[in-house]
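Single chain ahead, by itself, as structure tokens, in the form predicted alone.
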Amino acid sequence: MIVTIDGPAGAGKSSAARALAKRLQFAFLDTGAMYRAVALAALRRGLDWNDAAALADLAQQLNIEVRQYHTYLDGQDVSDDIRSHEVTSVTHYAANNPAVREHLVALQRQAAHQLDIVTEGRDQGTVVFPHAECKIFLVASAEERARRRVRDLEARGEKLSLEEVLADQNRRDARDAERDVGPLVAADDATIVDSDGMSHDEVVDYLEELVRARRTGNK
């Protein structure tokens, strides 16, 4: 069974998907980490962000592995490095590159082959796994998502104001919604879940109910 969780930045997709996968004893795939890994590699090489072809070539050369809760780039665990504000601010170059997306989508489908899996990202239910048995689109208000991001950054020792994070988030939302490939949009058959006012456990409880009901209904 494939469970997709899509939604905007800061909606709580990653933490909810991880917890849900553990409860269901499913595999977990963080597809955003793959785009972040490409961006990190490009940063380290000083790649010209305007050179789309070079970025696509780089993505093809990289060995990116997402093993449950860790992300490896050419054998190095970069799980923390890819979450920095610097990487976040340039990941859209990888996400908006059609050739990069085509390559990573193929890797994502390969990773999910013959597995019970929870996969999260921006286009999982619409592009990568359009026939997934259970699709969820997780949302939250812009202010709540920004507050969560500030807390995450503080936990990593990075200090940014709520205003800075909110402005950056709004730009990301616009780019995600307007890009030509894999735009951020809820699948027609997705269940939209608004996490405002809900605790982490309450969100995961609700998602688990959705998945178990869908799985029972499909049998």
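Being a predicted model, the structure only gives us computed values, none of them experimental. In this text, residue numbers run from 1 along the sequence as written.
Keep in mind that the form predicted in complex with a small molecule is not shown, yet the notes after this line are about it.
Trainee: If contact means any heavy atom within 4.5 Å, which of 55 to 63, 185 to 193, 29 to 37, 155 to 163 contacts the small molecule in the predicted complex?
Mentor: Selected stretch: 29 to 37.
Trainee: Check Ala146 for me: does it contact the small molecule in the predicted complex (non-hydrogen atoms, 4.5 angstroms)?
Mentor: Ala146: no contact with the small molecule in the predicted complex.
Trainee: Please tell me whether any heavy atom belonging to Ile136 falls inside 4.5 Å of a heavy atom of the small molecule, as the geometry stands in the predicted complex.
Mentor: Close contact is absent here: in the predicted complex, Ile136 is far from the small molecule, nothing within 4.5 Å, heavy atoms only.
Trainee: Heavy atom to heavy atom, is Ser79 within 4.5 Å of the small molecule in the predicted complex?
Mentor: Ser79 lies outside the contact set for the small molecule.
Trainee: With heavy atoms only and a cut-off of 4.5 Å, decide whether Val100 touches the small molecule in the predicted complex.
Mentor: No - in the predicted complex, heavy atoms of Val100 and the small molecule never come within 4.5 Å of each other.
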